[in-house]
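Presented as structure tokens, the chain that follows is alone, the form predicted alone.
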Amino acid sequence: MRVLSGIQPSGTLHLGNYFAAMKQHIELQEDNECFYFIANYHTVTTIQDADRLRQLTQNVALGYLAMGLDPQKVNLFRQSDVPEVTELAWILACVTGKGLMDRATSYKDKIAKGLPPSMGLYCYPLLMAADILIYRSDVVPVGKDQVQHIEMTQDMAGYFNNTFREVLVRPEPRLNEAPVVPGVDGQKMSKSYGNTIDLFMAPKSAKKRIMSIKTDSTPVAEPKSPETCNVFALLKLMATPDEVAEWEQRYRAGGHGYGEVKQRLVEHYERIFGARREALADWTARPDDVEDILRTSGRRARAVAQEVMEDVRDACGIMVAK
């Protein structure tokens, strides 16, 4: 099965990125043909500093490799290494009605957050659909909030196939069970909120950040609610089911403070991510090897994209010099 996903290089990788996407991506590499691209074209809608975008793109590659992505099993590449994707986005735009674009909730959400309404932001679903369709992807792992993007991609594939001929493969969403990961302030963990716990933090910095997680003022002796506790929500992501059940009983019984749970979360963070700091340092010291991985994967991905674009052009009547 061919799996496709994109990762935006929009900031430092954090626990929300890992548990909502990275973890599933790495697990899927064992039994599938995976195409994971670093979505630098998409990121230009929000980051318009060349040096920063280059560095963030590199950081995503380093983070995935450090967390265990196997470049022998996975195609990890830059979106911009496959320029055909922008060509397909234009052709999709020619068969897609404005009404579909107007219904994109992601555009409305981003405008509500104060992002300037550029045409790049408005046309974001076209490029996302091209990202998926150009590799004839079977499955796209997404959260529930992203299902509309896949539905729009399915619609666009249908518009093209009905207008010309059957060329593009209809992709299907793969709903993951990724939870909403709370930040230190209790809101969804997000770079835009400044509430993240980053991956690969130094031990002292990680502990300080975790100990700052917002909790209520329930006294130590009183029972506490695991359902509403941000620390418990993060602990559930890192601890074994047996330990989670034990902590849940302790919450309901009372007699412990939030500091104890935070300290246990610090230990789990160090167990999972502390061991990856050395891997990150190793990959960081080998920039030529990282670049070789991106370029090699990019060439493989582009070979697939070029085959698809030949079929697309032929169906449309577009001719190019060879």
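The numbering used is simple: start at 1 and walk along the sequence shown. Remember, predicted model here, so these are calculated numbers, not experimental data.
The discussion below concerns the form predicted together with a small molecule, not included here.
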_Is it the case in the predicted bound form that Gln58, Ala279 and Thr284 each bring at least one heavy atom within 4.5 Å of the small molecule?_
no
*Stretch in contact, per heavy atom within 4.5 angstroms of the small molecule in the predicted bound form, of 270 to 278, 65 to 73, 47 to 55, 32 to 40*: 32 to 40
*Does any heavy atom of Ser80 come within 4.5 Å of a heavy atom of the small molecule in the predicted bound form?*
no
*asked:* Check Phe232 for me: does it contact the small molecule in the predicted bound form (non-hydrogen atoms, 4.5 angstroms)?
replied: no
*Would Val85 count as a contact of the small molecule in the predicted bound form, using a 4.5 angstroms cut-off between non-hydrogen atoms?*
no
_Contact of Val142 with the small molecule in the predicted bound form (heavy atom, 4.5 Å)_ = yes
*asked:* To verify the annotation, which of these, Gln154, Asn161, Gln146, Thr215, has a non-hydrogen atom within 4.5 Å of the small molecule in the predicted bound form?
replied: Gln146
